[in-house]
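Next up is one chain by itself, shown in structure tokens, the form predicted on its own.
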Amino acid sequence: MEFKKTQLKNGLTFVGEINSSAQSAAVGFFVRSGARDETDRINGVSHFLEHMVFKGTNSLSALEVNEIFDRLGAKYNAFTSEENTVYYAAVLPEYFSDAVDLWTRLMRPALREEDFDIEKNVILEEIAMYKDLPQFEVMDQCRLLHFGEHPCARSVLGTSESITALTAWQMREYFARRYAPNNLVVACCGNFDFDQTCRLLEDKCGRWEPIEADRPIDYFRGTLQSQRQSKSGLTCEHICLMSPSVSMQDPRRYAASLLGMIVGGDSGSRFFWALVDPAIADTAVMQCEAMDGVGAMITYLRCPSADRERVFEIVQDIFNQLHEKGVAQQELTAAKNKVLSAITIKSEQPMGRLVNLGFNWVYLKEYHSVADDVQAVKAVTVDQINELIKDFSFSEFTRYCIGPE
């Protein structure tokens, strides 16, 4: 593996992890723009814009975009989160430059009015679909309750009201502010020519004008409030808990990730043995979501509505035991092995390395090899985990429930 980086004069950053023995290559355009960069008035525009990019440019129709990707045999897609919008493709090495070239063109989309009007209906249908899935709705509502007035409270999809009122002009204005070259990182992994790709990016993106595109980064512990929503037609209780945790910039994020695995991994965790294995709840998971300057431990539980209070008591007992006794070395070892397996297996393909490479540069301006990540996980100690438990109390959480009337 060889790591290289460069930056164009307009601020666009290009990072690459070259592996000449790989059988494929992957490219990603990481836009530091998501729901937290919006306002309530235009909530959902980042995700809507992600859809619109695939509608083509002034010289490419949506059909032609799809035809080019198909001709390249590309595995391609995009996703939007609270903080980032990522566009990616994985191809055979001989088609890599073509894939990069196509993405550079799509990063300056047409945003045609007629496409906007059609796609708006697609987005509204997507919002309606997720409202019919309480496991997703409860997470959205808990985030809103937990973060309150903090920008991370906003839904990635937006609301039916904000999307209905959104105009193509507002989207173009948002695009001009957030898709600036100095707010973009291009990451590439696998078997590709770094210098050739650098020349391509300079040719295609070098004339893009930089614009100030910063975001406020404030730490927030959460509102620690509790609400329940009744909904007809449900038989199960859907529960989301959010408690404060570390940010992406905090080196303790490895310890926080392992702690989430110990408490709420999908197998062998404390939640699993106390709730899922005895069939008190059919789902009980926890994970650490480290973000820009802020973080949260997120728990999702699903159980029969009649067992709701019993589940709360068990969860609270697990949290109390953590604060009183901490975690054991055996638990940490098992969690490490699971995380290390996931890191190494995922990293065996360039596409699996791409998001890690890109996000490390977006958030930290650092390169972390697979070996670096492995060593960081191995270095976490029981004492570090237990100190983290003291610093971030699990017993202080925001709770949102959706269940039967």
Partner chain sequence: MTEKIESYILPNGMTLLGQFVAGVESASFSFLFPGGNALIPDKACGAAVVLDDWMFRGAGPYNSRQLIDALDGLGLHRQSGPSAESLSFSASMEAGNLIRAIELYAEILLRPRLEEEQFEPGRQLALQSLAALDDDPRQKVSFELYEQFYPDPLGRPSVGKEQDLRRLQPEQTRQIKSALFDGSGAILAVAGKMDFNKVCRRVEDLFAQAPAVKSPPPPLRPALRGYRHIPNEGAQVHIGFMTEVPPLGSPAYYQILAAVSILSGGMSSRLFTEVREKRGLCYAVGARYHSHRQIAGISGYAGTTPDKAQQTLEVTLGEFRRLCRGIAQDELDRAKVGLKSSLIMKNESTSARAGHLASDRFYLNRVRPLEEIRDSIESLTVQSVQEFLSGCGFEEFTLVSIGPKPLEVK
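Positions refer to the first chain, counted from 1. Since we're looking at a predicted model, the values are computed, not measured.
The protein also exists as the form predicted in complex with its partner chain; that form is not presented, and the subsequent description refers to it.
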(request) Please name which of the stretches 140-148, 167-175, 92-100, 208-216 has residues with heavy atoms lying within 4.5 Å of its partner chain in the predicted bound form. (result) 92-100
(message) Can you tell me if Gly28 lies within 4.5 angstroms of its partner chain in the predicted bound form, counting non-hydrogen atoms only?
(response) no
(request) Give a yes or no for Asp372: in the predicted bound form, does one of its heavy atoms lie within 4.5 Å of a heavy atom belonging to its partner chain? (result) no
(message) Please determine whether Gln349 contacts its partner chain in the predicted bound form, using a 4.5 Å cut-off between heavy atoms.
(response) yes
(request) Would you please decide whether Leu72 lies within 4.5 angstroms of its partner chain in the predicted bound form, comparing each non-hydrogen atom pair? (result) yes
(request) Report the residue, out of Phe194, Tyr76, Tyr254, Phe319, that has at least one non-hydrogen atom within 4.5 angstroms of its partner chain in the predicted bound form. (result) Tyr76
(message) Please tell me which of Glu289, Asp250, Glu126, Asp292 lies within 4.5 Å of its partner chain in the predicted bound form, judged by heavy atoms.
(response) Glu126
(request) Would you check whether its partner chain, in the predicted bound form, lies within 4.5 angstroms of a non-hydrogen atom from each of Phe116, Asp391 and Ser393? (result) no
(message) Pick out the residues of 127-151 whose heavy atoms come within 4.5 Å of its partner chain in the predicted bound form.
(response) Ala128, Met129, Lys131, Asp132, Leu133, Pro134, Gln135
